[in-house]
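First come two forms of one protein chain, each written alone as structure tokens, so that there is a structure 1 and a structure 2.
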Structure 1
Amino acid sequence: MTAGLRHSLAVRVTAMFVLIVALAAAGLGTYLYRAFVAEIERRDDIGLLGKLRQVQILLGRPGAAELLHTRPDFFRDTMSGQENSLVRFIAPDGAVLADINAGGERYPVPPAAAIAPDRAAIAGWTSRRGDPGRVVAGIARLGTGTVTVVVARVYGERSAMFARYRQRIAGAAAVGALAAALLAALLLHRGLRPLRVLAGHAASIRPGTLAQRLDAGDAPSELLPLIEALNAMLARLQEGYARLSGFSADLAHEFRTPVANLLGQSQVMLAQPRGAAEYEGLIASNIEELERLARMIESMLFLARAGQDEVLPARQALQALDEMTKVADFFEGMAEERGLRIECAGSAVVLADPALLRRALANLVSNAVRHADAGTTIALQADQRAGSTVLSVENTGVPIAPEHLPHLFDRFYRVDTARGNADGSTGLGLSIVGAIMALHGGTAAVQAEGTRARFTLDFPAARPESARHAAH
């Protein structure tokens, strides 16, 4: 059997079905055979007892003693005249008065039962040819005395009949198993048709047709969970494929502009002799652009690793105000250059990876410093709530239109596309914030009302024992 057939579901089910049918047919055939044999043996025993009773009646008639001596075969003929019928008459002293036994069979003489013995008095024996025989003995009146009458019979034809019956049962079981195999194969082929349709539909789905879903309309109920699981998998594949395609397109777009700038500036600079100061300015400009590209590549690598669950946050209970103050101190100089103030308030314990938490806060504060109006205040707030710790960064600046809010955490998404990357942003800062919150099992969100924009980080609450350690 080839590997394909060995692993075929249809072949396995058909083989099991055939085995079950064969065992059932064999069991039923055995039962019917034994019932048939028992019934035939019962009827033969009753017939043998009837013959014994018939001989006993004949011996009781007048002249039976003379008939026994002159025509002993008469008694055998009374047993349907069959040659396989044996009769023996034994006197009370053990002398054999007559023995009708043409074949010279040797059979046992069971104890003589009453005048009307039952089946329990019948004994079995085997003829010289190996055929089964039955024998019974009874008391009969003969004249003024009694004799023992022994009646035996060989059932050679019965053994042949039983053999033919067994062959027919075996043949019927084999035909039944073969018919069951054909029927099972036909039913399986028809029953597995929905699976073939499903496989064909799944095979037709290509990267460009991931929006298609497997049709569950005519599918049997047993396949509905599988179809639902496959459709859910297709939805995830479609989402991932679309995200990857968009990411590739955004990546090409974001890299094309700085690379073109580097090439253009270098080509213009080399088009004619320049002074040392001009070359230094070009190199400084290129270094600035390369640094931005390096930050973008580092951010992309982080997002790729976070998306593949390769970043494992080392969570620990932290005082949120301390972490916010460290970030605020880092951006204090940049804020002062733009006439901004950074204030931190609130008291809460946050369960987070310290480095990732500072990176998320730094991205939000950096974003606020770039977009806040001069002379305003950037507020960092920590709130302990039931089941979570919420950190927020709020600033006043250019209003954000509502249609932009759902996309602010998307990669390379910019509200003001005209500004491009002139402010040094890679367009990945808020995406990294979202990825960090996903790693912590939390969420990042943004709310805007007028000129006020508020970014919130919602961390799952720290355990009580962790909060106590953080407080110390």
Structure 2
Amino acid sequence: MTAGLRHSLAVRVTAMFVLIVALAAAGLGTYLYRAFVAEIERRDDIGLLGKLRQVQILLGRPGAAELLHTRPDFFRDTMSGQENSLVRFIAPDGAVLADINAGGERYPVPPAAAIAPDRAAIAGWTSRRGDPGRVVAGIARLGTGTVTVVVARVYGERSAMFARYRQRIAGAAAVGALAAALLAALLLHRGLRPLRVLAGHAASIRPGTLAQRLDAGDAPSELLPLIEALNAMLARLQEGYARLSGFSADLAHEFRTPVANLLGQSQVMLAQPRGAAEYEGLIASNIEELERLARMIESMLFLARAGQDEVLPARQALQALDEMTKVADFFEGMAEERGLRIECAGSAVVLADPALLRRALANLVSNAVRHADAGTTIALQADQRAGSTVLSVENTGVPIAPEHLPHLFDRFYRVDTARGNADGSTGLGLSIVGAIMALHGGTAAVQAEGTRARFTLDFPAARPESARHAAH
């Protein structure tokens, strides 16, 4: 069997259908045949018993004893004159008074139980030609005594009829199954047409035409959930693909600036003989650009791995205030230079990977320090809620326009495009925060109200892995 046939739904369904029709036809045919045979046999037996009764009546007439001795043929003729009707008369002492048996058949003589025996007293035998025979014995009055009457019959034509009947039933079943197969194949071919149309549509979709959707059209209702699921998948693929291509473009663009600086300033420097101090300055400046590139590569790799679940957070219960204070200490010098204060408050236990939590908090605080107005306070707050721990970083600064809010956690998204990355940020800090929260099965969010911006990290309190998987 070829792979094509083995996997063809149409062939499989047709084969099953043919099998079912053939079994049903054979079952029905067998039942009808059996019923027919039983009925015919019953009627023949009743006929045989009728013959016996007829002979008994004949024997009861006056002069029957003489007739039996002189004209046995008379009795045979009363059996419709058929050659295959056999009669035997046996005296009580066992002597055969007469035996009408033209074909010389040998048949068993059942005991003569009664005057009017029923079907149970009939015995079967097989004739010399192999046809079925039936025989019954009964007691009859003959004159003043009695005689045993044995009536037998060979049903030669009946066997032939049964054989013909069997052949016709088998033939009808075969033809029916064949017709069912053809009909099933035809119907399936037509019924599966929407699937072929669907396959054709799907085959024509390319990366460049991801915006296309499969046409539900006149597809049967069973296919609609599949078409809807495929279309939803296409929508997700389109979105992911668009994000990925946009991301590659952003990435190339972000790499372009440091590389242009490296190339440009190195070439300018080499164009003229310079003093050692100038060369040193160039190299140091190049190192700064290269460090920025290295940071971007590290961040990109982190995001790529987090996106593929290759970073496994080692979660443990941590005092949120301790972690926040550590991060606040880290930024203390930088905050002080900008006239900022960092305050930590709130008591809560957070279930998180300490290194990842610190990284997320550091990115938020770094962001806050860069954007806060001089002389203001950056507030770190921990709140224990039912089912989760919420950490927040709040600062006062230039208002964030509402249209930026949904994109703040996107890679390379910058509110102020003119500022670029002159301040040393890679534009990936907040997307790393988002990725870290996704790894913890939590969420990162931002709310802005006037000059206040508040970033929140919502860590689920439950450890189960299902929380993490549900988030993906």
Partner chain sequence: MTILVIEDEPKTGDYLQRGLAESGFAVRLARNGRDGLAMARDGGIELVVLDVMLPRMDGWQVLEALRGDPATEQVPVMFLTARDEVHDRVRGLELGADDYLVKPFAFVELVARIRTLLRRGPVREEELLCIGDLEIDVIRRRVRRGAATIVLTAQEFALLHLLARRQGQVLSRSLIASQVWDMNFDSDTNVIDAAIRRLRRKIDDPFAEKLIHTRRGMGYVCEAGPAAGE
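Keep in mind the model is a prediction, meaning the values are calculated, not measured. Take the two forms, superpose them, and find the largest set of C-alpha atoms that agree within 1.5 Å; that set is the rigid core. Sequence positions of structure 1, starting at 1, serve as the residue numbers.
The chain as displayed in structure 2 is taken from the form predicted in complex with its partner chain. Once both forms are overlaid on the rigid core, the distance between the two CA positions of residue 319 between structure 1 and structure 2 is under 2 angstroms. Comparing the forms between structure 1 and structure 2, the C-alpha position of residue 91 differs by 2 angstroms or more, with the core used for superposition. Taking the rigid core as fixed, one finds a CA shift for residue 26 smaller than 2 Å between structure 1 and structure 2. Here the rigid core is superposed, and residue 144 then shows its C-alpha moved by 4.5 angstrom between structure 1 and structure 2. Here residue 58 exhibits a Cα shift of 3.1 Å between structure 1 and structure 2, evaluated on the superposed rigid core.
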